[in-house]
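Only one chain comes next, encoded as structure tokens, the form predicted on its own.
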């Protein structure tokens, strides 16, 4: 009973968060930076901050995450971190020689008020940044937003620093994924490839945080969006941004800067979400949907038909990032499941909450929604009104254990299971995998609770 002291009485809290359902901006910015080929993320703050950001990503992806830090001490905390960042830039290019340094700020440097563009300009003037090398930055104070905010800010920085328009439009479509797994990014690219659509995905962490073990060390993995491709995003015929919270700022910035029209969709989770993505990609690129995707879609529809009897009416608690939660909730409702407790720790605005309310409007039960909320409230809701299934990150395991509820891990972070970096839950095939995970834990529970008389071989 790890959380046995969680009270059932719910009190309104405005200034206190208990067991937060989010983490800080720099983690999202660091993850986005890793999606640029030859990029070294740089945390402009203390060593403790940067160590936490790296360890959080390393534990989730089970891959070593390389990054640098300005290593603030007491002096930098009082007088500012300019000298530290100047020395860091010089050291990084001298020792590691990346193509790009992606600087993200932290609480400390934001509170001090360090002017990153001015410091970078001085580094170039002093000859610390070699010709042909790039330094980009995003402001990511941890006391505002969450990791998805940091991801959004860094992706927008890629547009601000790299995207250029030559006036000669190409046939490529820009694909901007939200804060999703490398496997999800790979699946989105695979769908575009089988449709014959030329594309530029940014950022792209596939083959960076789920790459092969070859026995040969590489400072910078083969994956990631190249600088050349980032420059070319300004000449693309259009942009499809997946997940409003994480990608809308970059998509609209690209439209404003380079006149690249954008379509902002939900994440392609489930039948409807994938249909919308495939259809928008088809229309934007002017191509037909190939038989291989029609086959996968048909297989998903067949799974939904076959498995519906086991999923119908199951009550679910969902917690996670805003874009993930909205897409997941829509998928669950389409399966005739009932998401009755929904929490996201990240602020997402009134329009987002309204969209969630519209998705669950017809499930026939009262639904609790809190954005932003925390896992204490989520646990209290479950104590007062139990569910059949919990979907969320690793921290939900304590609630699932205490309340004896089947649990499917989804989102960020997942510290205690493997495979999420390699097996997507997006697209038609990913939806089948997600359904298999859900059905598996529900049937395991049915077997566990069965008596010698009610135990069934065929379920």
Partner chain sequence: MAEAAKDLSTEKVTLDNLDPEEVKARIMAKYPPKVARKRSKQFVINKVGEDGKTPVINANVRTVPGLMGQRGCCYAGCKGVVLGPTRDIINITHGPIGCGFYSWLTRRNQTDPESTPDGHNFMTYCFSTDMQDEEIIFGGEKKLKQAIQEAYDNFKPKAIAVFSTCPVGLIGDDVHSVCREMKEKLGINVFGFSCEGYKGVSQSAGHHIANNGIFKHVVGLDDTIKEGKYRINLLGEYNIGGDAFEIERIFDKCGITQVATYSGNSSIDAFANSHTADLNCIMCHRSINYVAEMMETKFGVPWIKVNFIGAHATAKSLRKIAQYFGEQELIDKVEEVIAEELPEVEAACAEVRPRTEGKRAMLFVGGSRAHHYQELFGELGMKTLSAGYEFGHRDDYEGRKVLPDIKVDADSRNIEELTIEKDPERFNPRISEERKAELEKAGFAFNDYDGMMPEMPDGAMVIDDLSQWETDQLIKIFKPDLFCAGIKEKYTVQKHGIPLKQLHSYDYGGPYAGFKGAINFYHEIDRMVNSRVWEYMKAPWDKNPELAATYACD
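Keep in mind the model is a prediction, meaning the values are calculated, not measured. Residue numbers count along the first chain shown, from 1.
Another form, the form predicted in complex with the partner chain, is not on view; read the next lines as being about it.
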Taking 18, 58 and 68 as the candidate spot, are all three within 4.5 angstroms of the partner chain in the predicted complex by heavy atoms? yes
I'd like to know if residue 278 sits close to the partner chain in the predicted complex, meaning any non-hydrogen atom pair within 4.5 angstroms. no
Though only this chain appears here, would residue 172 touch the partner chain in the predicted complex if you measure heavy atom gaps against 4.5 Å? no
If you check in the predicted complex, is residue 27 within 4.5 Å of the partner chain, heavy atoms only? yes
Although the partner chain is absent from this view, report whether residue 428 comes within 4.5 Å of it in the predicted complex, heavy atoms only. no
Pick the stretch from 189 to 197, 278 to 286, 310 to 318, 216 to 224 whose residues have a heavy atom within 4.5 Å of the partner chain in the predicted complex. 216 to 224
Counting any non-hydrogen atom inside 4.5 Å, which residue from 384, 294, 94, 256 sits next to the partner chain in the predicted complex? 94
Can you name the residues of 26 to 64 that have a non-hydrogen atom within 4.5 angstroms of the partner chain in the predicted complex? 27, 40, 46, 47, 48, 50, 51, 52, 53, 54, 55, 56, 58, 59, 62, 63, 64
